[in-house]
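As a starting point, one isolated chain is supplied in structure tokens, in the form predicted on its own.
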């Protein structure tokens, strides 16, 4: 973990009020693992006081990309940045996805902005692994397919693809796969991750999920992001330090 001042190279507006920010940071670009995150100071002042955590969406040479939408003051300030402005970044932080293993197909399950860590994940996955992506949102305006491959889509209102949530779509489609040869990787709203955890444990499918939590320091000092452990000897784990990626068998979501 280090602190870097990184120059913004580009801010790209995608569809549906989603933005990609590209920043020059060779130190992070050369070491970041899919699923790890950055803690970014979005302002030169003390407002907002806390840094904002972002997954690394992609890496291109010496540059990193983060994906965000405008939810509050922090992301509003980020969207107003200009090329050449400097971001103060702490990272890489946390633990990422485990890309190795005996599985043949990586099944990605993403809800809304939960798609953010997967373009880089797909890029770093071994070439001998197959990929299947299940992407969901409340409506077609919430579905983010950027950087995804072999995509099946669900929407709660049926405006695009399967009508229902993305875990329901997964359950419907997964019969075409041999469970022993897949591993599921998920990121999205807590309700989605909870449903995904229940489904994968019930069917004995390997699954890792990237969880979300309000963070202050980003590296375990403030103890402000506890999540309940599923193991008796560990009552709580920290999302920033022990996660944000967990095996679903290790945490209570």
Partner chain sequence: MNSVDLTVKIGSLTLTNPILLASGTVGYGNEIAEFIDLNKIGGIVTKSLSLKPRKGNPPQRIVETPSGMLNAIGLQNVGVEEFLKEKIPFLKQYDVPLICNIAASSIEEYVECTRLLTTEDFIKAFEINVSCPNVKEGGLQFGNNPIAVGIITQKVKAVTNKPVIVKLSPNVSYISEFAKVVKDNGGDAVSAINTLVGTSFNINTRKPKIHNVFGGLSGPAIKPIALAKVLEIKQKVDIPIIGIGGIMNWKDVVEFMIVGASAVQIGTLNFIDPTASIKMIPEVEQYCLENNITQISELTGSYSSQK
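Basically, rigid core = biggest C-alpha set you can superpose within 1.5 Å across the two forms. Positions refer to the first chain, counted from 1. These numbers were taken from a predicted model, which means no experiment stands behind them.
Absent from the display: the form predicted in complex with the partner chain. The rest refers to it.
Proximity to the partner chain in the predicted bound form, taken as heavy atoms within 4.5 Å, picks out 39-47 from the listed stretches 196-204, 56-64, 39-47, 25-33.
When contacts are judged by a 4.5 Å heavy atom cut-off, residue 222 counts as touching the partner chain in the predicted bound form. The shortest heavy atom separation between residue 184 and the partner chain in the predicted bound form exceeds 4.5 Å. Although the partner is absent here, residue 125 sits far enough away that none of its heavy atoms falls within 4.5 Å of the partner chain in the predicted bound form. Though the partner is left out of this view, residue 3 does reach within 4.5 Å of the partner chain in the predicted bound form, counting heavy atoms only. With contact defined as any non-hydrogen atom lying within 4.5 angstroms of the partner chain in the predicted bound form, the contacting residues in 212-234 are 214, 215, 216, 217, 219, 220, 221, 222, 223, 224, 226, 228, 233, 234, given in sequence order. Once the rigid core is overlaid between the shown form and the other one, residue 234 counts among the residues whose Cα shifts by 2 Å or more.
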